[in-house]
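Just the one chain here, the form predicted alone, laid out as structure tokens.
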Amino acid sequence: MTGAGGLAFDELHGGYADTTVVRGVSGTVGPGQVLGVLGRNGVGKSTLLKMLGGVVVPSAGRVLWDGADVTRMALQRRLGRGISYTPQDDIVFGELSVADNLYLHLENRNPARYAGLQQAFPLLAQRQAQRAGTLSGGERKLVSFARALALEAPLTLLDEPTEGVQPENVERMGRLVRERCTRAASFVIVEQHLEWVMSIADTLLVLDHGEVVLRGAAAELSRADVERHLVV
């Protein structure tokens, strides 16, 4: 496992306090690739993403980014190295306007950064003055997604980005992810929307009880193969 030119994680174990949630999970994501992480609720998907993003420190295993060991590196330091993490919940500052949410992490408010995203999602322009906490759940997800893409990070970690989002916007999100991949950006996406993630991912990891139960190229795995591990 080298991790040079991309992300690699090897035999990750860990969780919260004395509870182990992730058990021996490994994977790689090269430049310009999307790794989709699937599984039923509560099987360790979000915990894995938190380990990759620096929110949770693994009890064992390694995370390498562009050849450097970042296993115990904090979230903010990873962001400085080009790793952007977007959680599933608490994705906007509800008391702030949409505009403030979009620009608070940037050094300047240059609107050009959001021009393409506003074209794809007009509500980003139409709701600039609206308090983000009054948006619907799906609209808040779009604000969070746009904010993540505006960073133009080499690696973006997204947890359930399409949850509650209208179908036409889900399709646009997929196109934007793949367009970023043409510029060598990489993504790890935890997702429940099976059809969507299979349409944009290069490789898939399916988890159950914190372990990998299926992995492979998305083009080579059938929907039935994956669904077999998603049913309760």
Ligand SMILES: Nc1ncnc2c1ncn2[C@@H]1O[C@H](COP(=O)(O)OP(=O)(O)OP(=O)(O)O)[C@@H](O)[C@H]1O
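All of these numbers come straight from a predicted model, not from anything done at the bench. When you see a residue number, it is the position in the sequence shown, counting from 1.
Absent from the display: the form predicted in complex with this ligand. The rest refers to it.
**Student:** Evaluate P167 for contact with this ligand in the predicted bound form, applying a 4.5 angstroms cut-off between non-hydrogen atoms, and reply yes or no.
**Tutor:** P167: no contact with this ligand in the predicted bound form.
**Student:** Report whether the minimum heavy atom distance between N41 and this ligand in the predicted bound form is within 4.5 Å.
**Tutor:** Taking the distances in the predicted bound form, the answer for N41 is yes, it comes within 4.5 Å of this ligand.
**Student:** Tell me, yes or no, whether K50 is in contact with this ligand in the predicted bound form, where a contact means a heavy atom of each within 4.5 Å.
**Tutor:** Yes, K50 lies within 4.5 Å of this ligand in the predicted bound form.
**Student:** Just to confirm, Q118 within 4.5 Å of this ligand in the predicted bound form by heavy atoms?
**Tutor:** Q118 lies outside the contact set for this ligand.
**Student:** Going by heavy atoms within 4.5 Å, which of 41 to 49, 195 to 203, 180 to 188, 62 to 70 lines up against this ligand in the predicted bound form?
**Tutor:** Partner-contacting stretch among the options: 41 to 49.
**Student:** Do all of Y16, V21 and E160 end up near this ligand in the predicted bound form, with near meaning a heavy atom within 4.5 Å?
**Tutor:** Every listed residue reaches this ligand in the predicted bound form, so yes.
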